[in-house]
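Only one chain comes next, encoded as structure tokens, the form predicted alone.
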């Protein structure tokens, strides 16, 4: 097997259900030049170093050429400026600081914590709304609607408009997960229409919040005036779209991967049912063991960088396979075992460095509440398909559907 063919196997859909043996093979060459020009890094310490290296750019404008196998991911055709995750300092830092003013410490240290009761209410309503216990699609009936509802409440989308928001989220999610034989042109056209409608809706909501601020994040960002100035409407639209798409897609996978892992580890599921506090370390181990983001492609080197004895040249396309790094035996003991009692879980599930996941506090809390409540309320839950059908996206890995059954649902 050549190095290039190994990377292509990792990206092939047939291996989506279990890429970890291929990741183990990939780690034998910590820095791999795949033959198409991309440099692929797969070991923990090397990935961590590059995530903190200011010579690595996230800005697509610094890419000298596209390199590496096709991920079937098109850049969004949008008139919006790049969101801050696609920018480098100082532009990145300014927008992230401004967004953080409304989202978390030190300015709003309790915003996420104080959503806990509301999150629990959303979870309870979704579980109560599950239909037949003979066959539950956990993705469709629970994991998918939960995060987008949370984002709506966080931004301040009126309750009567949440269904429209769900529709746009559905369309944009489908555009990230193309199906075989699907007309790419038509898919992109539908996605672009949804992005345009979403942008117009948000623009109207932003103007309304500027005139009549409420107790929500969008109001605070729309009226913010601080050391970094104010966000333009276009910057605010990009930030709101980022919170919707990035915050939704990753959390869907985190919750679904989590339930799949628990059903494969019934002893841990039993412990969680008896002790909801186990959800805190359990989610951290889950982020190591089955991270929702498998790899970070399309970074660019701004200078020659030597790592693991290999010089990555300036202008190279860089791929960081964080899911491989999370199972690096040089960093984690017995890395292929799911162990919520693991004491040292400095995982790469939320990245690291200046681009560490902005929404990590919220995602953690969503997953903790969701998994502990599912464990408590579903009586004798079991998988109906293993492995389930996976999404085709190689970056955002998770089941497209997760059919399960249970004997009953506790109140």
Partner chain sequence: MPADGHLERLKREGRIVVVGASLAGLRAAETLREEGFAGTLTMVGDEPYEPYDRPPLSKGVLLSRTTADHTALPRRRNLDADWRLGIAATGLDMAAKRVRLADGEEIEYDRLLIATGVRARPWPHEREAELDGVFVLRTRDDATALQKRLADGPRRVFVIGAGFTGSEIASACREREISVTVAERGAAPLVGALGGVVGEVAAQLQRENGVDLRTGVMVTGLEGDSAGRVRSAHLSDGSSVETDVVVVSLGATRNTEWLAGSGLGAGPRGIACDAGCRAFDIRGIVTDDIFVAGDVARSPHPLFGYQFLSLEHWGNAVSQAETAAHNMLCESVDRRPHMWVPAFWSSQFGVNIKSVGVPSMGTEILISQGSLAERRFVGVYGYQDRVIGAVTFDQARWLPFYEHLIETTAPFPPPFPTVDRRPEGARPVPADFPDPSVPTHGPTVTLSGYSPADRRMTFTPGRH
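Residue numbers count along the first chain shown, from 1. Here the structure is a predicted model, which means the values were calculated and not measured.
What follows is about the form predicted together with the partner chain, which we do not show.
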Checklist entry - Counting only non-hydrogen atoms and a 4.5 angstroms cut-off, does residue 308 reach the partner chain in the model of the complex? => result no
Next on the checklist: How about residue 131 - does it come within 4.5 Å of the partner chain in the model of the complex, if we only consider non-hydrogen atoms?
Outcome noted: no
Checklist entry - Is there a heavy atom of residue 52 lying 4.5 Å or less from a heavy atom of the partner chain in the model of the complex? => result yes
Next on the checklist: Whether residue 380 contacts the partner chain in the model of the complex should be assessed with a 4.5 Å heavy atom distance threshold; does it?
Outcome noted: no
Checklist entry - Out of 89, 121, 313, 213, which one falls within 4.5 Å of the partner chain in the model of the complex, going by heavy atoms? => result 89
Checklist outcome for this item: Picking from 31, 354, 345, 38, the single residue whose non-hydrogen atoms come within 4.5 angstroms of the partner chain in the model of the complex is 354
Item to check | Listed range touching the partner chain, judged in the model of the complex by heavy atoms within 4.5 Å, from 354 to 362, 39 to 47, 22 to 30, 371 to 379 | outcome: 354 to 362
Checklist outcome for this item: Checked 288 to 325 against the partner chain in the model of the complex; residues with a heavy atom within 4.5 Å, sequence order, are 302, 303
